[in-house]
Structures are given as C-alpha cells and as structure tokens.
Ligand SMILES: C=C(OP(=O)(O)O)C(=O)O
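Single chain ahead, by itself, as structure tokens, in the form predicted on its own.
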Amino acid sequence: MTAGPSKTIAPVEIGGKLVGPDQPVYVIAEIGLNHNGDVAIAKQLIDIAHEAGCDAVKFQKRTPEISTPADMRDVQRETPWGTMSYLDYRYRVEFEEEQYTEIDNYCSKLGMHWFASPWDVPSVEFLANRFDVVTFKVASASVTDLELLTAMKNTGKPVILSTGMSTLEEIDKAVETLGTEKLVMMHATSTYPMPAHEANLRTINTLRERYGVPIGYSGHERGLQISLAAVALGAVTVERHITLDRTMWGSDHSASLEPEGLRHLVRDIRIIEEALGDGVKRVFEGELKPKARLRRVG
C-alpha cells in the first residue's frame, strides 16, 4: 500500500477545523486518565489546555468488563483509594455519562473540542450517540482491533489513528478497514517516557508517502524538542499528555507536560509554523538595507 510522494494530501475536517498540510497545527492535549477519576481535576486540565491555545482535549473511554484483560481483572493494585482489584480500579477512574455531560458542557462554553479514544464497541456508541464527538482517536494498542475500527468507521466521523507499537502490515490492515477519506494518522512510539533514540521522526514522511493522508505526531517523551522537530518535518497535528504535576499518582503523569511546558509547546509550534513560510525564495524587506550596505558587486 503506497500513495507515492507526489499525491496531493487533502485536509480532513474535524469539528469545523481543517487538519492537513498548509493548515494550522491541530494541537491535542491528552488528559487521558490523568484526571484520576475526578471531574474537578479534568476541568482544571481543560482550563490549562484552553489557556495554552490547544484545539482539543482528549480522554479515554472504556467499558471495564470488556476492555480489561481477563487475566488482569483480579490482580491486586495499590491505589490512592486503597488496595483493589485491577477491574475495580478501572471502574474507579472511569467517567460515565454524568461526568462526560459536565465535560461536554464545560468544553462547549470554552469553544474547545473534546473527544476520546474508545477501547471497545459500546464506548464508540456511547461517544457517538450521547455526545456526538467531533472525531475518534484510535489508541496505538487498538490498531489491530478491526471490530473496534469498523465501529468507528461506521459512525461516519473522522478518525485519528495512532501507530505506536505497530508494524506497517498491521497499519495497512487498519487503513483498509478505516478507509482514507476521513483519516488522520499519528506517528507514535509507545514507550513511556520515550527516549530520543526511539522517536524515529523520519517515519512521518514514510507514513505520508505510503498512505497519502495527513500525518501528525503523538509524543510520549519528556521535554519539547522532539514534538517541535515533528512540526518542522510536517506533522499536521501534535498530541501530548498533560498533567497538573508529573509526580501525581498514575501511569501517564511522568511522561506528561505540566502547564508551563504545554504553554511553551503551543507558543513554539506557532512560531515554527510562521517560520516555515511558503518555500518561495525571495528578498525580504528587512534584507534591503543590509544588502545595499554590504553587497559590493551586483
């Protein structure tokens, strides 16, 4: 499966915003489970994302009795709420309709997009039917779950596909299932936190040429440099986990950006967008005086 480097890549519309080449980078702040089951924390993180200038916040939605592996359900886990089974923990941090209604109303007032990565078919139906989310995000762990991908495809909504922990052959099957008309892909490496030598950012171009769809970047590294380099290499969307404090309890906090880091990320993405220009070589107005003063010939 290859689109070829000369194929024109059309943008994908997500909630009224175009995501693709020559469009502003669509910045996603992934809250995921970093709300630790608390809507108040979720709202704080939404505020942080909005103030930083992000386009969207993203959550994760599970039906725990379906998405929790059978061999993990009874495993005991130490949590801030005491020792409990892994399945009970999943229920403890899962938002349901009441909490997502609060989130939906809160984001609407701010003009923020919100959506989630559904981990099972009932979660797809929940997000599409009860909240009409602007898009779905396929988590890297779900790339091979073709039943889940088919459910997302059948909603008619755009889909953002992360590609971490996946071979090209696995991604080929996912793309065949989803189609390319409303597809945005994200280069990702699913190591938490991700070391620089695993970033492999040139894969952005590999995916663009192979599939002919807009390609973004979902990062799990510490710091900003790799995400900013992805933008310079043509990533049309950037997703990073966010947290109030990287020392908080939970598996994703350590690989997340704190508020100041998120603000700097969005600021620097916008500077890079402006600096990339249109590729037409020209003499700028600011060069005219130095040219007259310094050039001796011609």
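Here the structure is a predicted model, which is why all the values come from computation and not from measurement. Sequential numbering from 1, following the sequence displayed.
Although it is not shown, the form predicted together with the ligand is what the next lines describe.
The ligand is not shown here, and in the model of the complex it never comes within 4.5 Å of any heavy atom of Met194. In the model of the complex, Trp119 approaches the ligand with a heavy atom inside 4.5 Å. Remark: His220 counts among the residues lining the ligand in the model of the complex, judged by a heavy atom distance of 4.5 Å or less. Under a 4.5 angstroms non-hydrogen atom cutoff, the ligand in the model of the complex has Gln60 among its neighbouring residues.
Figure note: of the listed segments 168-176, 197-205, 212-220, 106-114, the one touching the ligand in the model of the complex, with heavy atoms no more than 4.5 Å away, is 212-220.
Screening Thr180, Ser140, Ser85, Thr155 for any heavy atom within 4.5 Å of the ligand in the model of the complex leaves a single hit, Ser140.
Residue Glu239 is the only member of 232-262 with a non-hydrogen atom no more than 4.5 angstroms from the ligand in the model of the complex.
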